[in-house]
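Coming up are structure 1 and structure 2: the same protein chain in two forms, each one given alone as structure tokens.
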Structure 1
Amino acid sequence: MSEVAVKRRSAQRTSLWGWLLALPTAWMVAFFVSSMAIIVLLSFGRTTNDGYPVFATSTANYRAIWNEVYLELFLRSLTYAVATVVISVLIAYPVAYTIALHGGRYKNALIAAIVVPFFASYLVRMYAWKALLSDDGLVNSGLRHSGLTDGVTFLNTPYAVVGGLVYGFVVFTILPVYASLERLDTSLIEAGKDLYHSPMRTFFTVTLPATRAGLYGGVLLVFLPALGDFVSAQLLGGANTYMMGNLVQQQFAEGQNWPLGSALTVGMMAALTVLMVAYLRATSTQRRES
């Protein structure tokens, strides 16, 4: 094939691929990018006397969210999200390790058995916990029958909310950790065991560093939805366990202060962006090292 023909063909191809990109890109700009722009713009807006949101150039909303009540709520959300991440990692490693290294021919079936319920209705699964933990639920009736206690109030506690978040999102930690454990060269673990004679030391000096990429991915993927969640706190918790998501939801669905809600959302996104950048930094240094 002559050079000219190759050039012509690649030019033709580029134009086809360019056209294929154009429509979906236009769609994403129209419905996603622009919606993000509107939320940023409205965060500087205000509500009129009869309650309509209008664009403006005031920083009043940001000053309004910089107060004790909102900061406390932000800290609480952060605490719940971090707790969710820690518990998810503590669950993900043993589960992923067992399946990836000792699952044998049932590996795929076991992972599917985790994935299937997790991708099925988040809402129904949160409801399932509510039903199980409620005062007349199965757990409490079991406790009463055993005669140990008259029943324990599980709902409306931080434990219930964090438990719900873990139950809702732990799969996002398990999958990346599983993927990197599966790719791990098992002779590394063997060498580690020969060197250190302790499974724990082997895990912390060999397995964990070698699966860092999966760990980072898993941490990020569970942190993002946990920080923005409002369903767990709404169904399993109460007003004293509300998270940022509940605050945002209230401003839009109940309180009807959209500009304030927008400022809260932008604040949440800003916090997440900082964490994302930190994550990308961490993974890119790792790539350079290896």
Structure 2
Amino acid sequence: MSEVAVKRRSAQRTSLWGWLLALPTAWMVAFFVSSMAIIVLLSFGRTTNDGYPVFATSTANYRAIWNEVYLELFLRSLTYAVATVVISVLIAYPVAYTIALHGGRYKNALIAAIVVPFFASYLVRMYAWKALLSDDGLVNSGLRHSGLTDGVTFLNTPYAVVGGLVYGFVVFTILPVYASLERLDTSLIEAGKDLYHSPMRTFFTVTLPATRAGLYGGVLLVFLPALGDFVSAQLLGGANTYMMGNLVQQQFAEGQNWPLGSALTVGMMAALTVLMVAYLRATSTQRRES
């Protein structure tokens, strides 16, 4: 085949991929970028006496987000998100490790057993948790029938909210860690055992560093949605466990204060961006040093 024909075919492939990418790019611009632009513009707006949002050039909404109550909600959301990440990692790594290295021919079936329940709506699963953990729910009924206790108050506590977040997002840690472990050369583990003898030392010296990329991906995939979640706190928590997501949702719904809700959204996204940049820089530096 001549060089001209090769170049022509390459140009045709490039053109084809360009057209294939045009539709999703247009979709993103139309429904994501434009909506974010509206949110940013509306954050400088105000609310009329009738409760309708209008565009303006005021920074009052950004000054309002420094309210002590809002900062407390953000710190609480950050605490819940970090706790969710830690617990998810502690659950996900052993599960992914066992399936990837000891699952044998049942690997796919085991992964399917973990993933399929998450095909159900997140909202439905949170309602199921609420039914299980309520005062008259299955868990408390079992405890009362066993005679161990008259019942335990699970709902309206931080533990229920974090538990709901972990259940909702733990699969996003299991899958990337499993993918990293699946690609891991097991001969490295065997060599580590010969070199370090101790299984624990081998894990922290060989296995964990080799799968850090999947672990970092899982941490990000859990932390981001957990920080902005409002369903778990809404259904499993109470007034003392509300998160930033609940406040934003409240401003757009009952509060009818879209400009303040937009400013809270932009502020949280800015803080999240700073945290993510710092996190990614720290992990990239650590990766280069290793």
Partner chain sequence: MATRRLERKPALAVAMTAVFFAWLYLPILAVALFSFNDKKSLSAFSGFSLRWYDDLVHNSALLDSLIASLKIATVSTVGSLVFGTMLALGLERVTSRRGRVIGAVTLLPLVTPEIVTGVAALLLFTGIGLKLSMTTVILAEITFSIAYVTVIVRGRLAGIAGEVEEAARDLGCTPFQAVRLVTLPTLLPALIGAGLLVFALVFDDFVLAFFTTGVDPQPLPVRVYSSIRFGVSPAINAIGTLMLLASALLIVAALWVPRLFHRGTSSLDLITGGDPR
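The structure presented is a predicted model; accordingly, all values stated were derived computationally and were not measured. Here, rigid core means the biggest group of C-alpha atoms that superpose within 1.5 Å across both forms. Here, residue number means position along structure 1's sequence, counting from 1.
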Taken from the structure described, the form predicted together with its partner chain is structure 1
Core-aligned C-alpha movement of M28 between structure 1 and structure 2 reaching 2 Å: yes
Quote the shift of the Cα of M276 between structure 1 and structure 2 to one decimal place in Å, the two forms being superposed on the rigid core. 3.5
